[in-house]
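Laid out below as structure tokens are two forms of one and the same protein chain, each shown alone and named structure 1 and structure 2.
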Structure 1
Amino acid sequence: MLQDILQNIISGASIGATYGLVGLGVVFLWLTISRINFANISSAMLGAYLFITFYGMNLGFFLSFVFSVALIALYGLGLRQFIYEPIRKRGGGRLEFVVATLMLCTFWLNLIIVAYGALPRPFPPVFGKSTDFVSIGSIKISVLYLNIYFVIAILMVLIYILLNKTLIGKSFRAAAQNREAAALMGINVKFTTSLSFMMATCVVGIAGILLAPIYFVSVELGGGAIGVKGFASAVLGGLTNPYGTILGGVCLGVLENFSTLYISSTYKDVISFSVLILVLIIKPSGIFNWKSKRV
């Protein structure tokens, strides 16, 4: 019994970590421009498909990874240049950006279907096979998830350094609070905005490549439930706390598994969404947002 509980915590946390990774993209954009990119999850799909395309050209893991992430970064720049800025210049508000990115999500989804077909594809076993696992006692963790934990750990350290030990973090916060004032203080708001767009798409693109062995290289990566759950994780982290976002995702994943185990697999999503609404009503600043006062 205890073993079952532990196993479900571990696997729930693992799938939840993937939600958190996707949520990071939301946080990076919110930090500077206070906008939500509803095509956030499309970057994951694009990352995965680009990767298998390059990998299929026999470029090897490293080059394929670098090329796809670079292209995704470029896409982030394009997003700013061709969607965000034009809307802002012509006086469009938040909702205009929301709808534009929602439509963008439909666009990418159907472009991928046209280009690659809608059949899910297997991901090359560069991170190990999906059935390989490590046993700790009687608890089993898939090798794929160990990779994800490893990457998350690296990302967390990088993000910590970037946001707290460099000027970028300060300029992010300044730009978020007041664009004009930040510009007057000598902060290059344009650069900061571009950077946050690139970071947001890149982290989700990397997430897409990492998640592809679990989610398969499929359109579900660009339009399935994971997108909404990524938003949910970001909200649990108050939209500003990257570490809280990962933690929020993990908790969501564990909650889902326990709903299946003790209530019903049919109603598990109803339960997790209800909890989300409750959390939002009771503590809108996010329950895993311990630094909210400072930001």
Structure 2
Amino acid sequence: MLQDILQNIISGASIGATYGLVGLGVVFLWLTISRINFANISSAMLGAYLFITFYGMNLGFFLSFVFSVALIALYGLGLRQFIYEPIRKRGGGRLEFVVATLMLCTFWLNLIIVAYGALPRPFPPVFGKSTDFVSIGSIKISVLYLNIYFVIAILMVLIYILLNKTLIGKSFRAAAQNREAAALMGINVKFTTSLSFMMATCVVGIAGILLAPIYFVSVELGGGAIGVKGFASAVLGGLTNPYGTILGGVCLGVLENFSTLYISSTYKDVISFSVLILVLIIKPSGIFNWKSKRV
């Protein structure tokens, strides 16, 4: 019994941390423009499909990963340039931006179905096979989950260094706290906005690549379930705390695994969505929002 509990915590935390990466896409844009970008959800799906496309060209893991993330970053820049800026300049508000990004997400879902088909595709075993395990005493940990932990840990260290140890991070945090004051101090707010869009799509694209070995490469990665779980992670973190968002995702992933273990896998999404609704009702500022005004 204890062995099952520990293994479910480890695997659930791994998947949940990936949900947290999707939530980071919400956090970065909320901090800088106070908007929810539904087109970000499609970044997870696009990242996975781009990776298998490049990998199928025999480019190897590293180049496939770099090219996929680079294109997803350009996608984020395009979202700012061709959707956010035109709407902002014409005096549009949050509703117009939400509708535009929701329609774009629907467009990508349909385009992927036309280009690749609706059937899920297997992801190459670049992170290890699901049948490969590392034994620690009586506990068996999947190599796949360990590698996912490793990638997320590296990514979080890089994000921490960028946000807290560089001039770019200081500019980003200043613009997040007060855009007008940051502009008066000589900070290029346009650049920080572009950076936030690119960071948002990049982390979600990487999340899609990490989730693909578990969910397969399918339109489900760009569908509502993954997006809502990412949003739930961001809400648990209070929409302003990247590290609280990751922790919120971990809690959500563990909750899903235990609901599957003790109740039924049929209800795991229902439980996740119920948690989101309860948090929005009881504590809309977020459970892990210990740094509400800072990145």
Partner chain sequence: MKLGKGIFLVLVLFLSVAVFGSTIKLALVAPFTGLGSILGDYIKKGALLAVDEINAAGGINGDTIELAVYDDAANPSTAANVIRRALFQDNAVAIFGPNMSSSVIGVHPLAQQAKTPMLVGATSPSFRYTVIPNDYLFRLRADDGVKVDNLVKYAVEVLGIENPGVIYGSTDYCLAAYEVAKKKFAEYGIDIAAAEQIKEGEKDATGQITKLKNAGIDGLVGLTHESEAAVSVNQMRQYQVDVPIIGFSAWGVPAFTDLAGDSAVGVYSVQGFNPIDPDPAVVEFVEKYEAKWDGEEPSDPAQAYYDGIYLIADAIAAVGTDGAALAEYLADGAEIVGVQGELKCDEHHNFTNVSLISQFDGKDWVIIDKIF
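Whichever C-alpha set is largest while still superposing within 1.5 Å between the two forms counts as the rigid core. Please read these numbers as outputs of a predicted model, since none were measured by experiment. Residues are numbered by position in structure 1's sequence, first residue being 1.
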Inset, instruction - Decide which single structure shows the form predicted alone, answering 1 or 2. - result: 2
Inset, instruction - Take the rigid core as the frame of reference and indicate whether the C-alpha of Thr53 shifts by 2 Å or more between structures 1 and 2. - result: no
Inset, instruction - Look at Phe231 and decide if its Cα position differs by 2 Å or more between structures 1 and 2 after superposing on the rigid core. - result: no
Inset, instruction - With both forms fitted on the core, give yes or no for whether the Cα of Phe67 moves by 2 angstroms or more between structures 1 and 2. - result: no
Inset, instruction - Quote the shift of the Cα of Lys268 between structures 1 and 2 to one decimal place in Å, the two forms being superposed on the rigid core. - result: 4.5
Inset, instruction - Superpose the two forms on the rigid core, then give the C-alpha shift of Ile10 between structures 1 and 2 in Å. - result: 3.3
